[in-house]
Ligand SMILES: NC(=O)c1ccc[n+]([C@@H]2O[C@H](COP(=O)([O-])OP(=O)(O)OC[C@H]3O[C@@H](n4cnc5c(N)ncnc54)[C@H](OP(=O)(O)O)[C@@H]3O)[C@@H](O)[C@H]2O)c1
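Presented as structure tokens, the chain that follows is alone, the form predicted alone.
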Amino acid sequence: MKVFITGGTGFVGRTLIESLSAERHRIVLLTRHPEKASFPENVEVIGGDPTEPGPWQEKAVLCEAAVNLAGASIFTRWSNRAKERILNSRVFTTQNLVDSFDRKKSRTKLLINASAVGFYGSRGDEELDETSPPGNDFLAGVTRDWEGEAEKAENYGVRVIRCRFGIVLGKHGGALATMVRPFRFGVGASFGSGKQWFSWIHERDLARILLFLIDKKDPAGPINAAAPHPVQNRELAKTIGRVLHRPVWPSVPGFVLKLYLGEFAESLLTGQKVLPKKLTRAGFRFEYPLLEEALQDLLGKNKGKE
């Protein structure tokens, strides 16, 4: 199958491209900086800004499937400008990709659009599956708008999967490097009450989920791409400390995080207990269902290094 990918130069995209290449899929990758991209020969790299219409759209519609991973990082202080960038990078990219399907020569039959478990907002200990309603905070609003643009592809006969990612844990980027840095210096701790839920996914399982969804003919709608065993924040801190053989200090008070991170701190002090019910019912088997196994794989070879 020929697969069009946006956001493929990040660590999630690179892991997916490696997996697609191993399965002999052909890939068209859109990036703003094609001169910096280094990928296998079966990856056609094209230049373009996905937040703007352009010639890249002609390439997109010649692929049977599209995987839209593009979006500015949320791991920053949320100024008004940053919030605008977080929203627009997702909505405009999805809007332009979907608009490209409105062409007679379009071959695209499947759109897998990234989303996030932030869709559900802060829900305490409530167990959340794909039927749960959205929240009402900033990230929930972003994901509602993001998914709403993706759903419009159904008007062109495209099957749409809205893939709600847990926090992706990977070796070469994303949240994990930021989370473990204090532990490497011996000052790791949980945040706030420590009771907030943390829904996560190993990068390899996420790539396997995306491949699973590409290969199957029937999944559609929302899919929770999160490991089946979410943990509370205090257990996350204890597990990182255990894997790295580092101490875990008392919790960082919420007001300290808010002083340092502003509104973004709320996403660290609250959380969601998200379960991947549709994936498990469809027969998907996680390679890393437990957090400690995932962290041993991602961090185990670097134990104790600073």
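For every residue, the number given is its place in the sequence shown, counted from 1. Quantities reported herein were computed from a predicted structural model and do not represent experimental measurements.
The same protein also has a form predicted together with this ligand, omitted here; what follows describes it.
- Contact with this ligand in the predicted bound form, judged by any heavy atom within 4.5 Å, is made by just one of L298, L291, L20, V12: V12.
- Checked against this ligand in the predicted bound form, the residues L211, A177, A72, V158 give one hit for a heavy atom within 4.5 Å, which is A72.
- Only one of 108-116, 188-196, 211-219, 149-157 lies within 4.5 Å of this ligand in the predicted bound form by heavy atoms, and it is 108-116.
- Under a 4.5 angstroms non-hydrogen atom cutoff, this ligand in the predicted bound form lacks Y120 among its neighbouring residues.
- This ligand in the predicted bound form is not approached by P230, whose heavy atoms all lie more than 4.5 angstroms from it.
- Contact check for V168: a non-hydrogen atom falls within 4.5 Å of this ligand in the predicted bound form.
- Contact check for P50: a heavy atom falls within 4.5 Å of this ligand in the predicted bound form.
- Residues T31, R32, H33 are the ones in 30-47 with at least one heavy atom within 4.5 Å of this ligand in the predicted bound form, listed in sequence order.
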